[in-house]
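Quick heads-up: it's one chain on its own, the form predicted on its own, in structure tokens.
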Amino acid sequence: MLLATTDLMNVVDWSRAQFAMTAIYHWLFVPLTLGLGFICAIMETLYYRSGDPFWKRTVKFWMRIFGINFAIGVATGIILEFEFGTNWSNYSHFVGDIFGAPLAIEGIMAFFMESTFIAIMFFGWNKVSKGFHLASTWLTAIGANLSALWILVANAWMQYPVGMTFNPETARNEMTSFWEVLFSPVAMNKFFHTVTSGYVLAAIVVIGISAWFLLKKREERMAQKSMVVASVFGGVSLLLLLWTGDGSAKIIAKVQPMKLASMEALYDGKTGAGLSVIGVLKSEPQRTQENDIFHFNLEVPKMLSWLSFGDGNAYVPGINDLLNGNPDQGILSTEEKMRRGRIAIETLAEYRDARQSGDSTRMASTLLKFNPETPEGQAFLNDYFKYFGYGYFSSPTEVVPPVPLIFYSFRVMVGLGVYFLLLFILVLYLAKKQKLGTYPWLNRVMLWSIPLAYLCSVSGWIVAEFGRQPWTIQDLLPTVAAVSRVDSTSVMVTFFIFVALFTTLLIAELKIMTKQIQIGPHDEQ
């Protein structure tokens, strides 16, 4: 029994590691695709309106970079979706009726749209009209973003499950409202926040590559014009990113308070909670009291309360409140949620036993508890089944995500976002003064900002996904109950196979992209 439990935890750990590794590699390619597609469309619009061959030559260069990145991103994304069936079969069974719908739409509609118009985008020059080619470029960019929409809708549902009912006969959650799933506040905010972060990354990549051309004193007009387009696009995107970030804070405060507390390393809740701008956490054994968390902390008073609830004096619950409960704030303890979750699990098991034994009376009485149209069912679903996932935990502390990782990742993300905004402003200022390229050290800073953009993007992903651990579906299904019952060795072996495969793909992409950048724009024939 102990051996079986140990192997199950190994399966959980290796499955999480494999999915995280695949997702991180995939996310290295996706943001550039989301943003660079629109930058290409903007540049081609300039060509369409001006008729200047310079813009056609320029956009065809950036299209080559887009195409290379697009192809590798598709390869990693396909493997990511297969892992739901191979590594997370219990998850797929429990919510496949809901989670599968947006993924199916993504494949049928969005990916079909991308794959159709991308062919015209690359091979339709001089074969279709300028207007049709321009429309194809815009539709390719829109298709890539629609693809992201459906994937992010599925991910948002995991963070905030809505529009569903639980069917005890199949032990599956079934969709009751597609529109509620699609237009949930988490889904909409997550989509706009994620895609605008991709736009900012793409703008930084274009600026960095253009800075390389300026350092080499090659294609200087193309580099300078590309910088201006990217800075305007990136600057507007970053302002939208800040706006959706504010919306994210308010939503997280309501539906994922443990994530918010971990982002701020807030152990004891307080009224008028301040926002930590920069801080250094003490080691885990020392982080138990509110006054004994930081070695150093620079805080903006009442800002966390205001960002979370629009009120500088609002109460923000901390990790200890969520673990131990706070009756004054209407917060149940994790221990109590675990007790209620076990009752929900036992009730479901009772129904299964009654069905297997053919006890129709007991089946009917148990089934009433899962019927949302009866008072008994409403009470059971709201008071017990709501905490179904907590029944799988053995200790309340299991619901606490890795606080230091989330705390520091959040500050890396925000800090780099402020840096990028200043960089966009600086590029536009120098462009206006006609001094772009006159400072080699600044061009080097712009070039080395490319890895910082990826660091910022991955940091945001860490905050979003590690912040909801240990849940695959918030409050309903923890990772320990979501994995496939397979031998841990098989997951471990495939983990290293995928590491080798994805690393090879990444190296190949970098080599191909570097080669294409060194070649530069092709002269029009």
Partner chain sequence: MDTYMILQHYWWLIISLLGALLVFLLFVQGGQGLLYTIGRTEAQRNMIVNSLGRKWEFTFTTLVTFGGAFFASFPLFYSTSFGGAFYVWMLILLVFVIQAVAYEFRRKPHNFLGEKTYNAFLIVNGVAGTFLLGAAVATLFTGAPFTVDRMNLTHYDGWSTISQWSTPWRGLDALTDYRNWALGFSLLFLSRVLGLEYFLNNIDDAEITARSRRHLWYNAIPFVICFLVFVISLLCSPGYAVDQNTGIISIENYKYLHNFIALPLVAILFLLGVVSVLWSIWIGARHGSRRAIWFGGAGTVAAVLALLLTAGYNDTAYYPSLTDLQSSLTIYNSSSSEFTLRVMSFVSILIPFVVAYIWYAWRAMNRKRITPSEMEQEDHLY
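Just so we're clear, the structure is a prediction, and the values are computed from it rather than from any experiment. Numbering follows the first chain given and starts at 1.
Same protein, other form: the form predicted in complex with its partner chain, not shown, and the subject of what follows.
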Whether Ile68 contacts its partner chain in the predicted bound form should be assessed with a 4.5 Å heavy atom distance threshold; does it? yes
Hey, in the predicted bound form, is Ser484 touching its partner chain, heavy atoms inside 4.5 Å? yes
In the predicted bound form, Ala249 touching its partner chain (heavy atom, 4.5 Å): no
Taking heavy atoms and a 4.5 Å cut-off, does Leu275 contact its partner chain in the predicted bound form? no
Among the candidate residues Asn297, Ser333, Asn371, Ser89, which is the single one with a non-hydrogen atom no more than 4.5 Å from its partner chain in the predicted bound form? Ser89
Answer key, its partner chain contact in the predicted bound form at 4.5 Å (heavy atoms) among Leu421, Val232, Leu103, Leu442: the residue is Leu103
Within 4.5 Å of its partner chain in the predicted bound form, all of Glu81, His93 and Val128 (non-hydrogen atom): yes
Exactly one stretch in 371-379, 187-195, 208-216, 166-174 has heavy atoms within 4.5 Å of its partner chain in the predicted bound form; which is it? 166-174
Need the contact residues for 118-140: heavy atom within 4.5 Å of its partner chain in the predicted bound form, sequence order, or none if there are none. Ile118, Ala119, Ile120, Phe122, Phe123, Gly124, Lys127, Val128, Phe132
